[in-house]
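Quick setup: one chain, the form predicted alone, written in C-alpha cells, and binding and motion questions come after.
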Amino acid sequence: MEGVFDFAPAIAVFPLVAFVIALAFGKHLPKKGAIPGILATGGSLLLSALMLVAVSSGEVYHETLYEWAAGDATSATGVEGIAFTFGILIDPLAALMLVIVSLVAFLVHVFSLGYMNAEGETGLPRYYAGLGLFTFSMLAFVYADNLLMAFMFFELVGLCSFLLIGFWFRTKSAPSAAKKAFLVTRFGDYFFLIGVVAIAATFGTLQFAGDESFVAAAQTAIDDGGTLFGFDAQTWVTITGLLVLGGVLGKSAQFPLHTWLPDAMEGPTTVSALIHAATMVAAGVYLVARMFGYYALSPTTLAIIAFVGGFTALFAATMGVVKDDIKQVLAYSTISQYGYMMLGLGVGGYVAGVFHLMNHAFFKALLFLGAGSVIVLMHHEQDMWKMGGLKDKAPVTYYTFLAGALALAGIIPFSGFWSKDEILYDAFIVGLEEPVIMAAYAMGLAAVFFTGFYTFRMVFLTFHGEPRSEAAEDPHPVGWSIKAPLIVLGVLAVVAGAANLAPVYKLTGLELTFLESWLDGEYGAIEGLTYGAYGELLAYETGVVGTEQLTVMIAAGLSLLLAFSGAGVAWKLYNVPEPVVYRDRLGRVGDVIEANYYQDEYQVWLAEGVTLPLARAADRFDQTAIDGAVDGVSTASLFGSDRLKRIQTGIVTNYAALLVTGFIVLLLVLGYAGGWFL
C-alpha cells in the first residue's frame, strides 16, 4: 500500500479546508459550517486508518515536503549547515495518534450538531472554523518529522485553544480563562523554544528519526565521551531535554503549570472534549513519546518526568474530590491521568504511556461528551448538587457515561485498568532499584483511591438518587447526534484495553500484547531505545508462575483494591436518595483543597510580588546606571563638539592663524623632545 502515503498531507489539509470554508462562507451554509467539518474530519479519519494499515505492513513514510531555510553554521558536534524543513513522518506511533485525533475530532463535530446548533447558538461559523484549525494543527503536529516543525504547530495548537476557550467572549470569565491558558502555556513554551535552538546548535539537525536524527547524534556524542558547551555530553542532553520538557509541562497541564486547565472549562464542552482527549493536553505527552529515544539517554531526565507525573497524578486527584461542577471534576481528572502517562514514560514504560494516552483519549472524550449531554438534559446546569435521578430518564447517556467512569477509575476489564495497571507495575519494578521512582509509584498508587472516589461521587450525584432541581425533574431531550458519539466511545472504553493485555501475557504467556508489537516489535521502534535507562528491569518474561507473576498479581490486586475502596466510599456517602454535603466536615483541609492549594494566589504573588518588583528594579537600574552612563558619554560628546565647531568661522585669516599656531606648537614639542632648547 505504498501509494497511500501520497495522500498523507491531505490528513491535515482536509480540516484546514474546512476551516477556510466555515470562516468564509459558514453563515450561508446549512448548520453554519458543521457539514464541511464533519466531511473533512471523516476524510482525515479514513486516510489515517489507511495509514495505520499501511504501517502495519512494515512500511514507514518519511518525506521532506519543503525546505524553507538553510544555514552554513557548524554545530557543536561538527555538523556543517542545518536545513529547516517541513516534512512528514508516519511510523507506528504517528499512525496510531492520527487515528485517535481524527476519530475524536470527527465525533466532536457530530456531537456539536446536537449540542451547539440545537440551542440557536450565535457565532457558529467561528466555532466550526476554530475546530477545523484546531484539528489541522494537531494532525500536522503529530506527523511533523522534525522538532522545529513540531514546535510551530505546537504553538498553533495553543493559539486555537485560546480562541476556542474564549468562544463566549462576551462573558467576563471566558476571555479571562483563555488569556490564562495562553499565558501559562506560553511560559513553558519559552523553555521549549530555547531547547529547540540548543538542540539545533548542538547536533546540527532537528530530525526525529533516521541516521541523521538528533537522537542518533546525541547517542554518538555520549559514546564519544566528549564535552558540549562545557558540559559532558549526557549532562547537556539532560539540560536540553529538560528545556523541551518545559513546553510539555505547560501543554499537558503538569505541576506547576497545570492551573490553566480547570479554568479552560469556560469554553464549550465539546471544545473541552477535544482539548482534553486528543489535542492540546495530549500534545505534550505525545511529544515526550516522540522524543522518547532522546529522553532515554538521560536517567536523570526520566526520573524527573516520572516524579513530576506521579506527584501531579496525586495532587490533581485530591482536588477533584471536592468539586461540584461536573466539568471541573473531569478537568482535574485529566490533569491526574496525564500525570500517569508521564509516570509511565518516565520509568521507561514507553508502551504503557502511549497505551494510556490512547485509552484516555477514548474514555475522556466519552466523559466530556457525556457531561455535555447531561448539561443539555439539565438545561445548561453544571452543578452536580442540582442534578440527580437522571439514570432512568437518559439511559444512553447514563450507561455510556458509566462505561467511561469505570475506565477512568481503573476497574477491570475496562480499558483504563489495563493501561494504568501496566504503568503502575512498570513504576513498581523500577522503583525497587530507584528510590525516587518508588516515591513516584507510591503517589500514583495513592491517586487510584481518590480517582475511584471522585469518579463515582460524580456518577452518583449526577445520575442516582432523587432529582434535586426542576431541571432534573424535567430534563431536556437529546437527539441521536449526541447519543451516537457516546455509544461509539462507550464501546471503545470497554474494548480498547484488549490492545495490550500485558498482565495476561506475563501470567500465561499468551500473545495478547498487540500494541507492544506495534510500537516496539514487529512493526516499529523508537530509535531502538524503547525501554531506555530501565530496559533490563522492564523486559517482559514468561514462564511458570514465579516471582514476576506473583508481583503482577499483587500489583494489579492492590490497584483494584484501592479503586474499589474509593468507589465504595463514594457509594456509601452519595448513592442515597438525598446525599449530604460532606465537604464542610473536612475543615481547614477542605478549604485548602477547595482553593486548589492556593496555586492561583501563589502564581499571582509570584508575578506581582516578586517578578514585578524585580522588573521595576531592573528598569530603575537601566534608567539610572545604564542610561546615566550612556547619557554622560553623549553629553560629553555634545559639549566637545559644541566647542570645536566654534573654530569653524569660514574666515581664511582665522584658518591661517590656526595653521601657524599649530605649526609653532608642533615645533616646540619636537624641539623639547629632541633637546634643542637644552
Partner chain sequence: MMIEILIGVALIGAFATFLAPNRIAGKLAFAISLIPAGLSIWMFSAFDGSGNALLGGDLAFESQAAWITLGAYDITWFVGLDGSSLPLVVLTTILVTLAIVSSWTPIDDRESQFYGLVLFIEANLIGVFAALDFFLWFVFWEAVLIPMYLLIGIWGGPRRKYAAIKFFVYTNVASLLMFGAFIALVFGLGDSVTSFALPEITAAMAAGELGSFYGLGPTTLASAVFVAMFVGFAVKVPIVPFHTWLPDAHVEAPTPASVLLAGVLLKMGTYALLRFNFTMFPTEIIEPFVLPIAAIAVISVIYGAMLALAQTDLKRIVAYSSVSSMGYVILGLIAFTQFGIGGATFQMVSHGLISGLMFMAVGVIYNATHTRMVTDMSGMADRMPVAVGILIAGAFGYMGLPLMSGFAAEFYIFFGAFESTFLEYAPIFTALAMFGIVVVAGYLLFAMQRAVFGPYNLETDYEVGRAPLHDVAPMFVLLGLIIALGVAPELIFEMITDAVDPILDGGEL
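Take the two forms, find the largest set of C-alpha atoms that superpose within 1.5 Å, and that set is the rigid core. Since we're looking at a predicted model, the values are computed, not measured. Residue numbers count along the first chain shown, from 1.
The next section is about a form of this same protein that is not shown, the form predicted together with the partner chain.
Screening Asp263, Glu434, Glu155, Glu381 for any heavy atom within 4.5 Å of the partner chain in the model of the complex leaves a single hit, Glu155. Only one of Arg585, Lys172, Arg588, Lys572 lies close to the partner chain in the model of the complex, with a heavy atom inside 4.5 Å, and it is Lys172. At a distance of at most 4.5 angstroms from the partner chain in the model of the complex, all three residues Ser176, Val196 and Ile626 contribute at least one non-hydrogen atom.
Stretch 626-634 is the answer when you ask which of 55-63, 649-657, 626-634, 40-48 has residues with heavy atoms within 4.5 Å of the partner chain in the model of the complex.
Though the partner is left out of this view, Asp642 does not reach within 4.5 Å of the partner chain in the model of the complex, counting heavy atoms only. The partner chain in the model of the complex comes within 4.5 Å of a heavy atom belonging to Trp236. Contact check for Tyr454: every heavy atom lies farther than 4.5 Å from the partner chain in the model of the complex.
Although the partner is absent from this view, Arg616 contacts the partner chain in the model of the complex, with a non-hydrogen atom inside 4.5 angstroms.
Applying a 4.5 Å heavy atom cutoff to the partner chain in the model of the complex picks out Phe182, Leu183, Arg186, Phe187, Tyr190, Leu193, Ile194, Val196, Val197, Ala198, Ala200, Ala201 from 182-216, in order along the sequence. If you fit the rigid core between this form and the one not shown, you'll see the Cα of Leu668 move by 2 angstroms or more. Taking the rigid core as fixed, one finds a CA shift for Gln623 of 2 Å or more between this form and the one not shown.
Once you line up the core between this form and the one not shown, the Cα of Ser56 stays within less than 2 Å of where it was.
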